[in-house]
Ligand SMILES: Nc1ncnc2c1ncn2[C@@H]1O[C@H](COP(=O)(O)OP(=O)(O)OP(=O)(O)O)[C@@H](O)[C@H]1O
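Presented as structure tokens, the chain that follows is alone, the form predicted alone.
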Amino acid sequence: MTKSTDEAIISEGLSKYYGQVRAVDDVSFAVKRGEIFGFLGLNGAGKSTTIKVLSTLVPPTRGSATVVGYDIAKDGFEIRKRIGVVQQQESYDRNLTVTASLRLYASLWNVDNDEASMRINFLVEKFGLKDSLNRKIRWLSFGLRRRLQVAREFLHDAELLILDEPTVGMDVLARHMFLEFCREQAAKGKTIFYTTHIVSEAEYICDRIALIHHGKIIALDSPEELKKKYTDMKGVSVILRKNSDVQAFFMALDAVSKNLQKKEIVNGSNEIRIVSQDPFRLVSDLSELLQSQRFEVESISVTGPSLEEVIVRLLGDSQIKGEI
């Protein structure tokens, strides 16, 4: 029986060294049950190593952690019975069909045949695998193989799902479906430990986010609170009526102010976002530009920073402070 605790994961001073390399260095955090907890960082920051330690695939060098109430150093078997893990590496028999792979995985977790059938039918609909059931995995696209690899972990009653870059290779519709599915599962009490390089994903589904950099956690809070801490990074959003005006307006911005820190056209839209040291003065300057050039504007407003901008700032600050 699972030990009672309000936290699905408790990490205290967790470290993993490979020779002189500190892959994970004195990491402490807790993940609440029913929470979607984002774990973000650059390549080589320590995300995958942390996952391997928490899932008992490799032992820590020092420190301790409990997962679903069990000690990673003593209760590896009990932990592995209660969690599901999606790693970045592909893991399935490529000669099996999709149906055979799902059936095999259900049997490995001792899911009753009738229950397995219901769950498989549900998951193939959710993950868009219905048309691929009789195809061998080796002939599937990478995106479909990834959907299958992720879907399998929802076949059994895992208390905690550890998902390492789960949407890699998924198209935009599959990704959206999956994110919504994760939110549904969390609302039902499932705990999800989620890593991704797509910051907008984390901002959309995660209750809290930890940012790891060179093995150390340098920030931990909700997406909204992280953004509130950097209110000095306010920007200006300009939405034009005509798509044909976007490039011309974008090029004209340099003549307005030399203090622009960043400017970008939002993909697939008529919106230009600008970060400046003095956003309110910039709004005044932009209004003059819009009138003089006769650009038709839908709206112009001062906005807070995006989570991606905050993370870039945090990573920059950690280097300045010598924390890496």
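Quantities reported herein were computed from a predicted structural model and do not represent experimental measurements. Position 1 is the first residue in the sequence shown; the rest follow in order.
The same protein also has a form predicted together with the named molecule, omitted here; what follows describes it.
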| query | finding |
| --- | --- |
| Partner contact for S222 in the predicted bound form: the named molecule, 4.5 angstroms, heavy atom | no |
| Interface membership of S48, the named molecule in the predicted bound form, 4.5 Å heavy atom rule | yes |
| Contact test in the predicted bound form: Q88 vs the named molecule, heavy atoms, 4.5 Å | yes |
| In the predicted bound form, N43 touching the named molecule (heavy atom, 4.5 Å) | yes |
| Heavy atom contact within 4.5 Å of the named molecule in the predicted bound form, the stretch among 263 to 271, 35 to 43, 64 to 72, 279 to 287 | 35 to 43 |
| Output flag, Y18, A23 and E165 jointly within 4.5 Å of the named molecule in the predicted bound form, heavy atom basis | yes |
| Single option in H197, K216, K81, H176 placed near the named molecule in the predicted bound form, where near means a heavy atom within 4.5 Å | H197 |
